[in-house]
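Just the one chain here, laid out as structure tokens, in the form predicted on its own.
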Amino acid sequence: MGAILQNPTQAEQDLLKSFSAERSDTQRQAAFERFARAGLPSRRNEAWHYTDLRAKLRAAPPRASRPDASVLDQAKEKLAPVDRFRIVTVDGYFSPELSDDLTCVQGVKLRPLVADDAILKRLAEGAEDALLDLNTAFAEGGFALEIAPEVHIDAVFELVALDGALGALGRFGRTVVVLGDGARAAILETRAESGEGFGDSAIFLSLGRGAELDYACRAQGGAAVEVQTFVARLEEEARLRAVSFLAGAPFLRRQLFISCAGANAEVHLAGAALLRGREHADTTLALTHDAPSCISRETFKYVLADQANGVFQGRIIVPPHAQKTDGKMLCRGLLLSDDAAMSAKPELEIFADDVACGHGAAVAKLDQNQVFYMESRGIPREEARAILVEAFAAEAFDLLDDEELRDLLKADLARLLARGDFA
């Protein structure tokens, strides 16, 4: 194995020891060697300038084991009945016992994920990142959801990530979703892992020609230090609408690597993050228009109270062959406290000459004129502020075509604001 960085931190030493103690295949070994050479990212890494993981992760907790029957029973108690297909992981491991049986759903295949999965390898090629390498090295027991060509699924698939075992643990989850040519589906990712420890999860999406997917991620809570990686590849005329709702994140990095690999592909991304206390959430996006005539739209919103810290880094990349690209990116921050902080860094890397691209960022406080107007109509001040915050954040969910996903996210937002933390 190549030498790890000089003066490794305790966390890096813990990870090195954990990996060297196990037997692994060639792919895992290569991924960990890349991680070992790079180390945990810090402010010296441009893409991690605002989220110093090396300083934050003092020690790496032991990895969670495959859950036994007692752990699965504890996790099951957290699952309320729902009217949608549900696929469950516990501590990063796929749990068929807690998941719905999809064998009766025509055109849908659910299978355990193998380390040398050909689709996974192709998707991961364009995403170079130390934490994704760490996930490749350590993740076991993931699953792949495959939807056959031309199959349209009306019901929502919910991917639920639960914590099972108690204590500070390292959890490494990995999921692959494949839509064949012309397929259509809606996916809700519910991240309900919480407590102490470290999380490093990854989801990979492959959309075939003309495929269409509505995707929503709701992450409320999470590990003390957590990294979520989202990788997507769109073939010709594919359509992806993806939204995230982040709240209660002690220290979260959510990173997206997206490639429009086929002509006329279309990506719409949005997100809302509501943070308070000393919470920290970083959304970092790298979107490559790797084919001509593709469209992308990105809008991310942050509501920051107390001493919370929000980060948005967005990069649209247009190589020379991606003529007639149409891309727009926007980040907006709403500060509810003088001590809250927002860092926004939208970027364009354009090497083609026939494009229409733009980006923008704005950070402001609540408009006191609007608050006064609502108070003058008999609405209490705290309620008026909550209404304005809800209107600001909920707009991010409107790009979804799937009504059930929109309603779920808006209901989550309403419940969060009802607690009065952002009034």
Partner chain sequence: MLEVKNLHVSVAGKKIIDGLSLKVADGEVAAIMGPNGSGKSTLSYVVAGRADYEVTEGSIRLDGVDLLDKTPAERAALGLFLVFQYPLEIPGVATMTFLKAAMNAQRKAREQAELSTPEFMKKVREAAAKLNIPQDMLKRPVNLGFSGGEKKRMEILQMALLEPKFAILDEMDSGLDIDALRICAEGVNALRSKERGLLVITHYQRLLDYIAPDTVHVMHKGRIVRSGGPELALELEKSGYADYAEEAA
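Positions refer to the first chain, counted from 1. From a predicted model like this one, the values you see are computed outputs, not experimental measurements.
We do not show the form predicted together with the partner chain, though everything after this point is about it.
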Position in contact with the partner chain when the complex is considered in the predicted complex, options 387, 55, 366, 30, heavy atoms within 4.5 Å: 387
If we test each of 396, 374, 357, 38 for a heavy atom within 4.5 Å of the partner chain in the predicted complex, the one that passes is 374
Hey, of 55-63, 357-365, 378-386, 42-50, which bit sits against the partner chain in the predicted complex at 4.5 Å between non-hydrogen atoms? 378-386
In the predicted complex, residue 391 touching the partner chain (heavy atom, 4.5 Å): yes
